[in-house]
Each structure stands twice: as structure tokens, then as C-alpha cells.
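What follows is a single chain, given as C-alpha cells, in the form predicted on its own.
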């Protein structure tokens, strides 16, 4: 809308590519939202709800540019800024303000500066923890500030639907509703021990969040969290209906996973296969611990394919999306115990060959060297999973919980 002001006054949405089967709503303006259009809704359903909806493709570079501009403004108020997605950030203002009143003045100043200098709006929440700051940023939109304090959080937060709490997804919300837990206050006032049988230990975290006891820290701007897993998933350009379809996709994904592990100088000791079926009614993941940790793409693909054959060979329905993840990462300097069937010289040759292939692809592109199986279906093998990989930020769980309160944190949502 900033680039094309004519779109400000019509229902419009940013939608993914239908050709690549990413046809979902990525963002919608408020005119469109009045028709019930929401993020992640299929573009087909969005057009049914609003036949006059104007759709545009995503412009990722513009998105990154303006997110960077906003972060540049935030950095003038705090050196502790943690990204949560591309358009949301937490700022720790503890060392910058001495009271909630001062904090409120700062977030209003930030909001006005972003609107004046960038031409876009932000909504900002100020609170004593990250969870409530995030909730405050969503509380009033657009172009608004919300302060949630220790004194008023029960009045502001507890009446809200439980699904508004960070990390309570649709499935968890539905399970909570079945237990007659409909609001955040209901969750806050329920003994978590009575819910452990259904939700496991995560209910203790959500219960603490509801009571304002999250004290996970905002990480410094230059903080890099240790990588705990490397994975890729991809929506296929068409439904996967045969074992060979899945094999091609898994090799493409595993080559990305193997190359990224090699760049990190890591081995994966566990391989995970995940899937979503064609009508998106079923999804699951399965994993296997390896006898010998690896970053060889062929070994990763073979393990993932074995998991697929073991758990999905009956083909109850075609698959829309598959994924491969390596976890339990170890440094390549970590000694590995080979089996009696392994030849150390052959292992070294395989790793040397893999490094050579990765170097060729890094210099000349993904298609410079390909497996023969990829030539059997160019539609499925045409993706470059490594290039298209999206890096997601560290979640709010980093840092844990505490009974102590006393910091001022702001969350800004563009």
C-alpha cells in the first residue's frame, strides 16, 4: 500500500504462488479483514469470501528492507533487540527507562517515528515480560500502543480468549476448550497438574505465561543461538502419489540438509521425516537415531526414505508436503565409532566427494551436478531447497521462567 497508495482503499491481500501451490494469504489489509479474510487462509477461499479482493505477489526484498529500516529506529532505543519473524521484534528497555510511565512515552515516540520516517504503522505492547509485550502489540491495531502492567494484567489479559496467548495454537485451544478453559484467566486459575495427562509438561509453561511469570530474556542484537537442528520441508508442485515421487523430493531436501550441516561442520545423529497429506487433514513426523552420525546427503535421504516406507507405505492418501531434518548435532571433530562393516578410507572418500559436489553447486548453481533419479521428473526436482530455505528466529522459550518480575519489554508489530 505504501508503494501503491491506490490499494489503501480497496480490499487487498498478499498471496503466495498458486502455481507453486503456495496459494495462501500472507497478509491482508483491514478492508479485506472485514470480510473475514485471515493470514494462512487459502487464496481460493479468500476470493470466495471477497470476490473483489485485489491480490498481489509477495515482494520479499521490500519486506526485508522495511524491516531493516524499522530495526534501525529500534536500535536507537536499546541494544537488546530480538527478532520474532521478520516484522516483529522485542526490545528490552530495562536500562533505558526507570518506570512504566517513561516506557509508555518511549513506545509512543517509536510509533510516531516509524509512521513519520517510514510511512508505515506499528502497534507496540509494553509490559514486564515478553509474552505480555507480544500480546499487547496485538491488542490494538493499527497504529496503537498498549501498556500491560503487573497491576492491570488480570483485567486486560485474563478476559481474552485462550488462543490469544503466545504458543497456544488452534489444536491446543480446542483441547483446552473441551476442558472448559476458554479464556487466559481460566488457564491461569486452573491447576496445571490436572492438565498434564493431556498436554504434558508444556502446560506448565503456558500456565506460567498466563500468570505473567515468563522471564525469558531479550537476546542482544548480535546474539547467535546454537543451532540444534537443520531441516528443510517443501510443498511439492503436485501431489506425491508414488514411492519414486517421495524419493525424488527426499533426495532434493537431503542434499540441502547435508550441505548446510557441512557448512556448520556438524554431523546429525538423528534423522526425521515429516509429511502433510494432500488435503492437509493429516500430518506427522517420524525419526531414527543413526548408528554413525553423518552429513552425507545420500545417507540422510536413505534414512528418511526408510522412515517413509515404514510408516506410510500403505498410501492412505497422496502427500502434499514432505520434510527432512537432522538433529542431535555433533562437531565433525567428535570421534565417531565405526561399525565392523565400515571402512574408514571409504568413509573419508564419501565425505571428500560430498564436499566437492557442494563446492561445485555453491559456485555454479544447484543443477551443475545432479543425481540420475532427478532427471526422471523435472517438475519435482526443479526446486533448490538450500537456496529457498527460510531461517526462523529463536523462540520465546529461550531463557525459561522465573517467579521474579521487574523488567520493561516492548514488542513492536509492523
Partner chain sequence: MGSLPSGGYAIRIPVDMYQITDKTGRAKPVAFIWVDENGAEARVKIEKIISCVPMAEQKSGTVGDRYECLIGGKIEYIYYTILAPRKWFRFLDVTEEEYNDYYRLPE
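Numbering follows the first chain given and starts at 1. Bear in mind the structure is a predicted one, so any value in this text is a computation, not a measurement.
The same protein also has a form predicted together with its partner chain, omitted here; what follows describes it.
Listed stretches are 304-312, 177-185, 116-124, 89-97; the contact stretch with its partner chain in the predicted complex is 116-124, by a heavy atom cutoff of 4.5 Å.
Of the listed positions (65, 356, 379, 367), a single one reaches within 4.5 angstroms of its partner chain by any non-hydrogen atom in the predicted complex, namely 65. Not one of 30, 34 and 161 comes within 4.5 Å of its partner chain in the predicted complex, counting any heavy atom.
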